[in-house]
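Starting off, we have a lone chain in the form predicted on its own, written out as C-alpha cells.
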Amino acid sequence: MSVDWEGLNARLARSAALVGEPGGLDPDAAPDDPMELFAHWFSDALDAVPEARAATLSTTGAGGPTARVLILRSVGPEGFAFATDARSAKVADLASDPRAALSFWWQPLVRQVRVTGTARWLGAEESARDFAARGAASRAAARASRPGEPLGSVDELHAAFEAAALDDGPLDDWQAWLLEPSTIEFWQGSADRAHVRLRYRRDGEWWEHGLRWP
C-alpha cells in the first residue's frame, strides 16, 4: 500500500483548527477549588461533546512514557476514577511510578483540561463493585482479554469474547484506580489564539491558582 505523504500533509495544512464554539472562562470568577470548576466544565461537555468521558492517561514505566485513551468511571472531590485489568501496561507502569497525567479535549467547546497527580489502587472491594456495575458486554470483554499478549487472529478474539459471555462471575484481575490531582489546568481556546490558561496547584490542603501564558 503506497501513501501520498505530500498530499496527506497538504490536506493537513488546509484543515481548520479551533472550529468549535468557545465556552468561555472568566478567571476572576473561578472558584478556589478546581474540582468545582471541573464539575461545571464536565457538565457542559456531557451536554455538548460525544464521548466526553474519554480521557488520555499518561504514565511512565520501564520502557519510557506511554499514553492511552480510557473512559473516566467517575469524578469527585478526591479525584478521577478509572478501572483496568491488573495485567495491563498501565498498572505495571503505576506500580513502578504512581505519578500520572490525565488530559481531556472537548473540541466543540474548544476546551482542554490537564491533570497531574498520583494514582492509587482502590482495593479489592471497590474493584469488585466497579466490575459488577459494568454492562454484560463490558464484563465479557474484560474476562476474555489478555492485555498486550500476542493475538493470532480476529477470529480468535471473537471466540474468546463469546466464551467469556457465558461466564458471569467476578474477575479478580479487575482493578479500580483513583488519580488524586496535584495540578489541574483549564485551557479555554480562542479563534484569535489568545487562549486562556488557568492553572491550579495543590499546596497542602489548599489550592493556589493563577493565569499562565498560552
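Since we're looking at a predicted model, the values are computed, not measured. Counting begins at 1, following the sequence as shown.
Unshown form predicted together with a small molecule; subsequent notes refer to it.
Here the chain stands by itself, but in the predicted complex one stretch of 108-116, 95-103, 78-86, 121-129, 78-86, has heavy atoms within 4.5 Å of the small molecule. For Leu70, a non-hydrogen atom is located within 4.5 Å of the small molecule in the predicted complex, even though that partner is not displayed. The small molecule in the predicted complex is approached by Lys90, whose closest heavy atom lies within 4.5 angstroms of it. A residue is said to contact a partner when one of its heavy atoms sits within 4.5 Å of a partner heavy atom; Glu51 meets this definition for the small molecule in the predicted complex.
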